[in-house]
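Just one chain is shown here, as structure tokens, and it is the form predicted alone.
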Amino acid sequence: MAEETLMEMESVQDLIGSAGLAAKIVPGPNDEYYLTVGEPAFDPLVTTLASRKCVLIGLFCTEGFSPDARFSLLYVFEKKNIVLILVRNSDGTATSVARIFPSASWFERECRDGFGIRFDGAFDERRLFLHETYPDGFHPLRKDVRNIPVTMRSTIDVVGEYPFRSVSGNGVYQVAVGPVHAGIIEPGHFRFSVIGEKIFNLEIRMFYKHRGIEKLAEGKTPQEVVRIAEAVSGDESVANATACCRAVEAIAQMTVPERAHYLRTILLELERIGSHLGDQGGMLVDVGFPLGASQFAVLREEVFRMNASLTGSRFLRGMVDVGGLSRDIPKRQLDELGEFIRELKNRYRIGLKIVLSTSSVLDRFSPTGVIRRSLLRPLNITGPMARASGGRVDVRINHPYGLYDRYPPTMKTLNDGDVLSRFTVKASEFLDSLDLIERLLADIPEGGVRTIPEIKDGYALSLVESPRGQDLCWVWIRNGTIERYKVRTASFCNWQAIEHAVQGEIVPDFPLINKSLNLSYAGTDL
């Protein structure tokens, strides 16, 4: 065992604070650690992890993982560079941890819908992704679901309707927005409680178009699941494909060619700049500043055209594959990318200067939509929105993968947590990504771009930093095919921040706040 791994093991043992439990820690293939915990020790250990300021970044269920129980619940905790996974076996019930780790609420509701797990003591037992039309007793992620006939409800009576939080008082009005919206965005329901225009409560409801992605992955080959991963969220195709590949490659202890690492990183950063341009242009549209919005829109379109030139896909699909890349990008095209990046940097700075010197824009951006730093750890809020509120979490730095240990990005943080801070952080990250791409292009080596994969059985966790924040992926391969593919995008956790960001604001500022967070509907509703 390498010296670095020994040091990490000692840190994990210190974290759980129990010599008896520490002996059961099993290192995973991707720098994660597994610890199977019995019921008597589980609650005290979770309380200990909370006192040590760990963050619950994931919780999911699987069947057949342990020979001692039908269900296994995997709780993924993070503290700085340590990832600890508690394995909790269950017969279908478990105590809730949502009062200790609020981020667990949606996770537990997801496990309840998908597998029928009952969490005793949960403060929210409503359905999550199974809306009212799904019949009782239907749990689509169970292995036996294909043998159960499903008859959807055609009508819902008042008693069966989703119980939104009840808010009442003198002058209180409910303003319902969605789930169907103007334009082509996906469905989501926003229920505001307002007095006049001021918002004092917002409740969101997602999951109107659940796609069954995790179930679809079962029985597929790892290569087939990479293509499914690309469809999790359209503008995070590279991030989610990379996360999936990293897990499969770690299980097989596969060496990815050096040139492939360079190209993967370039594609990841191209995806980031396209996403950030869309966010910033959208914010400017929502404050009625077409001069700035049009400039960012033009630049984003040109980035997408460059993506298509390099890979054949505006969203960079079909490139990342198990073992590296599906094909190389020739030097001529990389040289064209370098020229494009240099020009893009100059044009972006001109547009950015115009925006940040326009007082009417700054007045709308600040101090609108504040996310307090105290919410980051309890809700596992990550990405630019967290870094704009003083958070210092970036997977590329905290858990470097690929080339990010050699080419670490600069972490830009601000403390105000408002729309202006989020706009500014994304601007800094955009420029940093351009610099990083230029460095990678200057240093990229020759050679192959793919190792022929030898698929092996096992399981591994993978974290990546998508444009929106921390994406999590867990892959379990059995008999050469996918037994369980769990994916959790940053949006799944980040959506819950919007309910806090709008409090005290006025209804007309909601679109601006929403756009500044850039939350993915598809990336949440899997």
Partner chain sequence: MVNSLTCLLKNKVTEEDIVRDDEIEHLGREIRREIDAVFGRSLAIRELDTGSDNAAEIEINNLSNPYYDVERFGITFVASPRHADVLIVTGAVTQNMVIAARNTYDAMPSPKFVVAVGDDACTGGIFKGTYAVLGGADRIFPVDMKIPGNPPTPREILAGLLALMKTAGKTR
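This one's a predicted model, so the numbers in the text were calculated from it and none came from an experiment. C-alpha atoms forming the largest set that superposes within 1.5 Å between two forms make up the rigid core. Residue numbers count along the first chain shown, from 1.
The same protein also has a form predicted in complex with its partner chain, omitted here; what follows describes it.
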Exercise for the section: Give a yes or no on whether each residue among 29, 246 and 342 has a heavy atom within 4.5 Å of its partner chain in the predicted complex. Expected result: no
Exercise for the section: Using a 4.5 Å heavy atom cut-off, indicate which stretch of 72-80, 143-151, 250-258, 412-420 touches its partner chain in the predicted complex. Expected result: 143-151
Problem - Answer option from 176, 184, 452, 442, heavy atom within 4.5 Å of its partner chain in the predicted complex - result: 184
Practice task
Name the residue from 212, 408, 448, 116 that puts a heavy atom within 4.5 Å of its partner chain in the predicted complex.
Solution key: 212
Practice task
May I ask you to check whether residue 375 falls inside a 4.5 Å heavy atom distance of its partner chain in the predicted complex?
Solution key: no
Exercise for the section: Report whether the minimum heavy atom distance between residue 131 and its partner chain in the predicted complex is within 4.5 Å. Expected result: yes
Handout entry: Touches its partner chain in the predicted complex: residue 328 (any heavy atom, 4.5 Å)
Key = no
Handout entry: is_contact(residue 190, its partner chain) in the predicted complex, heavy atom dist at most 4.5 Å
Key = no
Practice task
Give, in sequence order, every residue of 486-525 that has a heavy atom within 4.5 Å of its partner chain in the predicted complex, or say none if there are no such residues.
Solution key: 520, 522
Handout entry: Rigid-core frame, C-alpha of residue 147, shift of 2 angstroms or more between the shown form and the other one
Key = yes
Exercise for the section: Classify the change in Cα distance between residue 152 and residue 191 in the predicted complex as closer or farther, relative to the shown form (magnitude of 3 Å or more). Expected result: farther
Exercise for the section: Compare the CA separation of residue 158 and residue 179 in the predicted complex with the one in the displayed structure, and answer closer or farther (the difference is at least 3 Å). Expected result: closer
